[in-house]
Every structure is written in structure tokens, then in C-alpha cells.
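This document starts with one chain, in the form predicted on its own, laid out as C-alpha cells.
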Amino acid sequence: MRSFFDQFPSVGYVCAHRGARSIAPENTHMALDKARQCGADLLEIDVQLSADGELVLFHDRTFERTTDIATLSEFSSRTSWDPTKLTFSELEQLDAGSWFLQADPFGTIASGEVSPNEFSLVKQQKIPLLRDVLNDCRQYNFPVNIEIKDQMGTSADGDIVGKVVDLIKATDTEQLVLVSSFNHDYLRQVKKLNPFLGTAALVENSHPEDLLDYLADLGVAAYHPDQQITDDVLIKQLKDLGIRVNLWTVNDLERAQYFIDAGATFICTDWPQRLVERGHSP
């Protein structure tokens, strides 16, 4: 069986951060479809666990930014809008698209990059199930980087890793999936449950001490540092040792080229369509 990185023999691949989130609402089916259609090489998505044990795509620890939950009377008395506190049937009631038209977070509504003909589709977007997304990835043979959000301090903490690993196996997408997390204990759990799955350590602010030994001990295939703490020297050093380096979140095209020249396997960006247009994808 091929491993995840067998699909990426070169450098400079384009990873769509939360889908093509500059032209569609993040972590929705529309954003994922747009990423594939614009020519991105893979997706990056965020996964959390609902109160009733469903794996869903969502980034934040609360719903105000990217849904209409604050306007719905049935949720006004809830003490928490944390994803782990709501069932999937409750999540299905939320509009996960209209905020994008109202906030225009990347200026693509004003610029016309999102056509008015697509506004109705934007408004139809809901919070997806990971199962449905993985089935789509299998259908299109489209790789995906699943970030397991840190659920420490919630009821989901003890269950989420096992559920993700089981679902990847059930959907027959093991070779299409790279699992990453800021919670590196989750990565250890993944490797214990399924040594075949590729894992990647996410970090921000600073690198772990004794980085090379640390990554070797984790058994990860890749290192995903914040671009702000990474330079070409580190990328080349890790690459020479067989550790892939993938940067987030790189929206400046010249900065992306700098990392590609250094040997980064993929660049995670909010603007996959622009990197593809500039010819950064092999």
C-alpha cells in the first residue's frame, strides 16, 4: 500500500487551508470542492467531536464567527457553544455560509472573485461530517491533511483520536490521509492505533527543544511549523534527514516561493487558486 507522501515525490505542492477559504466558507463542502476545482494538490481540514460522538469539520472552539448561532433563539439559553457540547442534529440547524457574504473576510465578495451567482450556494453551506468528506476524497483520489483539534479539557479528549483512526480505516482512505495536531500526544496515539498512518507535528511560537530527537521520538513523517519561525536552513536540514517540512499559513506568493526553493513539500495557503495560477504546484 502506498503511503501518504508517495503521492508527493517533489516539492512545492499546494495545500488548501480549510479548503479554498478565500473564495468559499471555510471547512464546508463548497470550500473543499473549490479547492479541488482550482487545482490544489490536497486539502487541510479541522476536525472536532460533537456531543453525540460525530466527527465534524470546524475550526474554532465556539460558533459565533462562522455560523448564525447567535441569532437563533433555541441556542440563546445554552451555557456553552463549544462544538463538544452540541449534538450533530443541533449543528445541522446552523447556517455555516452566510457569514462569509456578510464579513467578506478576504475581500473576494467586493472584488467580484466570488460571483453573485454563487451567493445562494454559499448560504446553503452546513457543517460537514468527516465521513462524507473522506468518502469524497476517496471518490476523487484527493489527499487530505486532517488536523485533529486539541480537545483537552472537554469530554471529547479521550475519544477523538480513536474515532478518527477508525473512520479513516472504515472509509478506506489510509493512503490519502495525513494526520496532524498541535497536541502531540494525539500523534502518539495515532501511531499506536495504526502505525501505517502518516502523522505531522504542528507547532507555533517556538520549536521544541532538541528538535531532531523530538521528532524522531514522535515518529512523525512531517513537521508543520508556523512560517514565522521557520527558515530555509531548517527546512534543508530536516529534509536531508528524511523529514518533510510543510509550512502554514503562507498567503504571500514570494514567501511561498522562498519555502519551495528551500525544499518544502507543500505550502498551506488560504489562496490555493493564486499559487496554482503562479505555477507553484508541480
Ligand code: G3P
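All of these numbers come straight from a predicted model, not from anything done at the bench. When you see a residue number, it is the position in the sequence shown, counting from 1.
Form predicted together with the named molecule: not shown, discussed below.
Undergrad: Three residues, 29, 99 and 126; all within 4.5 Å of the named molecule in the predicted bound form via heavy atoms?
TA: No, the whole trio is out of contact, none within 4.5 Å by any heavy atom.
Undergrad: Is residue 63 close enough to touch the named molecule in the predicted bound form, meaning at least one heavy atom pair within 4.5 Å?
TA: No - in the predicted bound form, heavy atoms of residue 63 and the named molecule never come within 4.5 Å of each other.
Undergrad: Is residue 202 near the named molecule? Define near as a heavy atom within 4.5 Å, in the predicted bound form.
TA: Result yes; residue 202 sits at the interface with the named molecule in the predicted bound form.
Undergrad: According to a 4.5 angstroms non-hydrogen atom cut-off, is residue 106 in contact with the named molecule in the predicted bound form?
TA: Taking the distances in the predicted bound form, the answer for residue 106 is no, it never comes within 4.5 Å of the named molecule.
Undergrad: Can you tell me whether residue 59 touches the named molecule? I mean in the predicted bound form, with a 4.5 angstroms heavy atom cut-off.
TA: Yes.
Undergrad: Among the candidate stretches 252-260, 43-51, 214-222, 232-240, which one is within 4.5 Å of the named molecule in the predicted bound form when only heavy atoms are counted?
TA: Contact criterion met by 43-51 only.
Undergrad: Go through 81, 182, 119, 88 and name the one with a heavy atom inside 4.5 Å of the named molecule in the predicted bound form.
TA: Of the candidates 81, 182, 119, 88, 182 is the one lying within 4.5 Å of the named molecule in the predicted bound form.
Undergrad: Do any residues of 16-41 have a non-hydrogen atom within 4.5 angstroms of the named molecule in the predicted bound form? If so, which ones, in sequence order?
TA: Contacting residues: 17, 18.
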